[in-house]
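Only one chain is given next, in structure tokens, and it is the form predicted alone.
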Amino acid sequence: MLSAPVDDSLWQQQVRALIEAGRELHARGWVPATSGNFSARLTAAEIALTVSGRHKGKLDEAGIMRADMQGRAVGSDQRPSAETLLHTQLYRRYPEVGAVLHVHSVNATLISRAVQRGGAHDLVLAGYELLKAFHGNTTHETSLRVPVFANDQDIPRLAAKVDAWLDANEPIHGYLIAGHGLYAWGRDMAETLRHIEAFDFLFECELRERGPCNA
């Protein structure tokens, strides 16, 4: 089945957004080497996605491709990230989601390992003023649950576990993969970047509060 054409101005807008996000996140040290993957919604049927193996701090238009909601390349023979299904499942589930970012920050990696090592399956962030950075939160008197999934090279299997968790729980803004990193999303790139920044700050707070013996 042929894919509907994507408006060129929208394509260019989302390409710029992904390139700028890559530079910002790399400058913060959150996507070292060629780690991480980013996407932005184009239509109800397609996303713009970083090409597998590209350095996110040096992205250009050639490092961005189109993919359908099944994670298949559209209009090119470039290879999408192996983790594309973890992006597309969010766009299919949440029509309001406009961008998904996956980073490998030190704080996300360490807190995910700490939670897993402690025998828990999620991290609960509560009482922080910065919880108001997340869409829909208007007070610090709330909590935010961040599930932690075991790392798995079998992405369809991991995606199925994420889907099962999302089916059974309230909507969230992101999740962790143990020893791997953070997936976060929002209505557009600006909101998603804000969520990523807030998550990382809160993860660092949790790590410091736990102390070196427990982090």
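All figures in this text were calculated on a predicted structure; none of them were measured in a lab. Numbering starts at 1 and runs along the sequence shown.
Here the subject shifts to the form predicted in complex with another copy of the chain, a form of this protein not shown in this document.
- Of the listed positions (G127, G136, G118, P95), a single one reaches within 4.5 angstroms of another copy of the chain by any non-hydrogen atom in the predicted bound form, namely G127.
- Think of it this way: in the predicted bound form, another copy of the chain has a heavy atom of just one of A44, A33, A62, A168 within 4.5 Å, and the residue is A33.
- Using a 4.5 Å cutoff between non-hydrogen atoms, A17 does not count as a contact of another copy of the chain in the predicted bound form.
- Shown alone here, V106 lies within 4.5 Å of another copy of the chain in the predicted bound form, counting heavy atoms only.
- With a 4.5 Å cutoff on heavy atoms, L10 does not count as touching another copy of the chain in the predicted bound form; it lies far away.
- Interface residue remark: Q70 is not counted as part of the site for another copy of the chain in the predicted bound form, having no heavy atom within 4.5 Å.
- The partner is not shown here, but in the predicted bound form the stretch 77 to 101 reaches within 4.5 angstroms of another copy of the chain through a heavy atom at E83 alone.
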